[in-house]
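Coming up is one lone chain in structure tokens, specifically the form predicted alone.
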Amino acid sequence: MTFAINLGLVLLIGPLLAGVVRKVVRARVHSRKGPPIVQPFYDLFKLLGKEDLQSVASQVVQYAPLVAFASVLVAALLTPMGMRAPLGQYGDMIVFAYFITIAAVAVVMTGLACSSPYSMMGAGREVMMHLVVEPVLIICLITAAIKAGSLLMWDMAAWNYVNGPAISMVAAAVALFLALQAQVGKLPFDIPEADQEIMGGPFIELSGPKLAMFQWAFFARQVVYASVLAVIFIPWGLTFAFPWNVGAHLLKVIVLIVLVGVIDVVNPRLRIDQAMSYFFGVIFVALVAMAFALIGA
């Protein structure tokens, strides 16, 4: 049951929420009607049905999209989504971080394997963003692990629910929320893709099923990151009976992704140096949260 719930949330709710944000938020702000809510599914199925063309004869480009997609799905199965994670007993936050990193590495390797200078530039930007964004997630999870005395994400969520908000957990939640925009690749931090500048970056030479795999992985990744923030640092609804606990979790994820969509619509893209300065500040907030956790606050 939990396998179906987690996979259903990331594979179905991810694209659906992207369609909701595009229809309800972006279209309203731009004073237009917008595409139907299910448009992301139409786009994915159209790409999956196209001929699988490849501009370079590279095994990396051949398999990296599938690796990224599979890695995000495994990370989803390690993430509690209203209930214990299906693979929670087999992997903790360290294993989760590994699979999230594998997905990012697959994007970088794809960009480097393509012949376009834009793809290589996008790959370089992806590396820079990953090196300053992912430490925020790791530090925040370490903060929760210190408080819970466990590396299992469900134990972190349970501790926060039972003991109430601590200073360290609140600070970690703020830091993780401030990093969420970049973790899901939305403005003002969509620097690796930057359609107006480098025309898609690592994905400029991808099409068909390969591009669909990456896009679907990114839709799923939004739900995974939002779920980590929602279940560990906003643990309301954990003690509800099934299916109400899953509904409460889904409600929190929807609110977070809609907030991300609003920020995406009303902000311009930052320069790389501006993004680096911003995330050094967020990392500092995350380190302060971990320091509070170490002293018991």
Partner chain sequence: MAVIDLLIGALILLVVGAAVTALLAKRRAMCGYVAFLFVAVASVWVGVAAFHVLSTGSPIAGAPVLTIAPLNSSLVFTVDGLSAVFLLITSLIAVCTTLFSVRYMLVDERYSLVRYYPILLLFFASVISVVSVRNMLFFLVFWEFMTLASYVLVVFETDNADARRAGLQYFIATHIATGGILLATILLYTNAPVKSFEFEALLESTRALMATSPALIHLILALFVIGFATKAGILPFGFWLPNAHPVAPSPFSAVLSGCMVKIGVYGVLVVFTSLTPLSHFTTVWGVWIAVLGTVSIFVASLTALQQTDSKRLLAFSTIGQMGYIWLALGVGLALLRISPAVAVVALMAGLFHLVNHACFKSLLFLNAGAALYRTGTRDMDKAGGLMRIMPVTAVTAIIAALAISGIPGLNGFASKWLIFESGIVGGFEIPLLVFLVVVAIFISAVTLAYYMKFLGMVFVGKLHIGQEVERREVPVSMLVPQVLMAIPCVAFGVLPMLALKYLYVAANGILPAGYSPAFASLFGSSPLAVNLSLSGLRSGAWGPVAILVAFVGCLVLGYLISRMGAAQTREVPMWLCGEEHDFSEVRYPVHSFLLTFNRYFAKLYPPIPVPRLPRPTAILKLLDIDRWLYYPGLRWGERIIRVISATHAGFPQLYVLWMIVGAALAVIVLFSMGGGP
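Numbering follows the first chain given and starts at 1. Given the structure is predicted, the values throughout are model-derived calculations rather than measurements.
Keep in mind that the form predicted in complex with its partner chain is not shown, yet the notes after this line are about it.
> Run the contact test on A171, L178 and V224 with a 4.5 Å heavy atom cut-off to its partner chain in the model of the complex and return yes or no.
Answer is no for this spot.
> Any of the heavy atoms of S71 lying within 4.5 Å of its partner chain in the model of the complex?
It does: once its partner chain is placed as it appears in the model of the complex, S71 has a heavy atom within 4.5 Å of it.
> So in the model of the complex, does N245 come within 4.5 Å of its partner chain, heavy atom to heavy atom?
Because no heavy atom of N245 falls inside 4.5 Å of its partner chain in the model of the complex, the answer is no.
> Is G149 close enough to touch its partner chain in the model of the complex, meaning at least one heavy atom pair within 4.5 Å?
Output for G149 is yes: heavy atoms within 4.5 Å of its partner chain.
> I'd like to check something about K50: if you look in the model of the complex, is any of its heavy atoms closer than or equal to 4.5 Å to a heavy atom of its partner chain?
Looking in the model of the complex, residue contacts with its partner chain include K50, since a heavy atom lies within 4.5 Å.
> Heavy atoms within 4.5 Å of its partner chain in the model of the complex is the criterion; list the residues of 76 to 95 that meet it.
If the 4.5 Å heavy-atom criterion is applied to its partner chain in the model of the complex, 76 to 95 yields L77, L78, L87, Q89, Y90, G91, D92, I94, V95.
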